[in-house]
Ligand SMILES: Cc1cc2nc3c(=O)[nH]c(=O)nc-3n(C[C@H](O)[C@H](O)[C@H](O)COP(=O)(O)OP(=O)(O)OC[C@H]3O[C@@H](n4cnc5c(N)ncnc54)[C@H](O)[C@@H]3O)c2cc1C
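To begin, one chain is listed below as structure tokens, in the form predicted alone.
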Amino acid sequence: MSAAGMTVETPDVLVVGAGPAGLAAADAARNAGARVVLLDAAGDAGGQYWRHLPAERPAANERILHHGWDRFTALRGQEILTDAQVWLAERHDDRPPTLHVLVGPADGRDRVPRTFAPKALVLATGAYERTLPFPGWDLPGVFTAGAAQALAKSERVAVGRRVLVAGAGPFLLPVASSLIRTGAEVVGVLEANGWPRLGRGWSRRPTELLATRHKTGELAGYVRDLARHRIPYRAATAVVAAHGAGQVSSVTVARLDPRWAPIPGTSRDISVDAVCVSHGFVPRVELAVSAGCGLDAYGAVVTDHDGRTTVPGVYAAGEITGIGGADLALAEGVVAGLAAAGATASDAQRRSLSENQRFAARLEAAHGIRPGWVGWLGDDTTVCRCEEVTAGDLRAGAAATGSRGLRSLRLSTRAGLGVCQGRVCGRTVEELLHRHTGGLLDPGRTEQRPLAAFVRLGELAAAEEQEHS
């Protein structure tokens, strides 16, 4: 029994997150003979990568919007506890944390509390999309590319009739394809990195690409979509401002130098009614931080070759260990799931992991964010949309206080303290304050939160009453 008088469940392996990494980890652990509980905060399995129409409204041919759909349908057959939100990790010195979970629709009442004290814990909580701010990015009609793709995949809704896709990374291509299939006119795809960097990143040690050659087929499909619909793909170009009265009606795009600084005299306006922007992804590590897991300099969870973190009995797989795509997440999930169950990965499974890790390194080399993006910010550009904190507010706050502490600067400027708790702006706020202060003394504190998820005060009060009943 727990302190609150509630039955504590003790599976051999508890997996948090039912995206590619979590599904693969749970499947591998079960096949190794472990008693496994797999849970996810969403109402269905698949994560962001395999987001799809709900079971009550199935698509006639769902697979046309997904790569690896057959792999997903095979993995989704296992038992999954959905609508299960982990909100607190209770640490212990010598074993995995006890996790407190609320089960039920996030916006419903009477969620059921459950408590798990697993022998091993696998964290596969994925990543947040990162969008760099620019003037007008808070206008209606400006979407993250992930949100646009989610609406296309899960609701078959196009975010606009005339849409521009911009940012950095290969993710822009499937987003454009999804928009095409929902009837939108995609007027262009803009990649911030120039051809020289893209060429260096993807052509280095070309024989290594043979191991992931199936991705060439995916790329060819996206290129065919762009060619068939005459959609231009422009490198070294970015959206640097959005305009409109109550709704985006046009954007300003500009050529960028290799550091992503706008080149004077190259800007031009394009008429749109929606723009989708993505500059990559950030590991979603709140729960890992609550559990005490160590992070690297990029904010990803540190693991060994088996996915083992710095906390005894806690493993991590997928994007929280570093951004690398679905294939790497699947490979990491298998290895971590086996290790959590006390089994050992085969040579072939470890080889798959290594091959996909090298592919992920190419992503960062070719598409990683460069520092010149701050050149398209104005002092009045909103950075934290929840608290309406501008780039000028951050600069002024750092100068006025003379502080180099992230926590104190967040408290004095209110940046990252709104509804999203820095999930959207946190990394950007840290980078800007790092510049203005000459170096923060306590970087990485954005992910440190007492609770790992939102909980109603009534639910906390109910737990307190149950403890004392």
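Start at 1 with the first residue shown and count on from there. In this text the structure is predicted, and so the values were computed from the model without any measurement.
Although it is not shown, the form predicted in complex with this ligand is what the next lines describe.
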(message) Please tell me whether the candidate spot formed by Ala21, Gln149 and Leu287 is one where all three residues come within 4.5 Å of this ligand in the predicted bound form (heavy atoms).
(response) yes
(message) So this ligand isn't shown here. In the predicted bound form, which residue out of Val37, Ala41, Leu433, Ala34 has a non-hydrogen atom within 4.5 Å of it?
(response) Ala41
(request) With this ligand left out of view, choose which of Trp373, Phe281, Trp137, Phe72 has a non-hydrogen atom within 4.5 angstroms of it in the predicted bound form. (result) Phe281
(message) Test of understanding: in the predicted bound form, would Glu218 fall inside 4.5 Å of this ligand by heavy atoms?
(response) yes
(request) Indicate whether Ala329 is a 4.5 Å heavy atom neighbour of this ligand in the predicted bound form. (result) yes
(request) Report yes if any heavy atom of Gly416 sits within 4.5 Å of a heavy atom of this ligand in the predicted bound form; otherwise report no. (result) no
(request) Give a yes or no for Ser177: in the predicted bound form, does one of its heavy atoms lie within 4.5 Å of a heavy atom belonging to this ligand? (result) no
(request) Tell me the stretch among 229-237, 84-92, 365-373, 182-190 that has any heavy atom within 4.5 angstroms of this ligand in the predicted bound form. (result) 84-92
(message) Using a 4.5 Å heavy atom cutoff, which residues in 113-131 contact this ligand in the predicted bound form? It's fine if the answer is none.
(response) Ala124, Thr125, Gly126, Ala127, Tyr128, Glu129
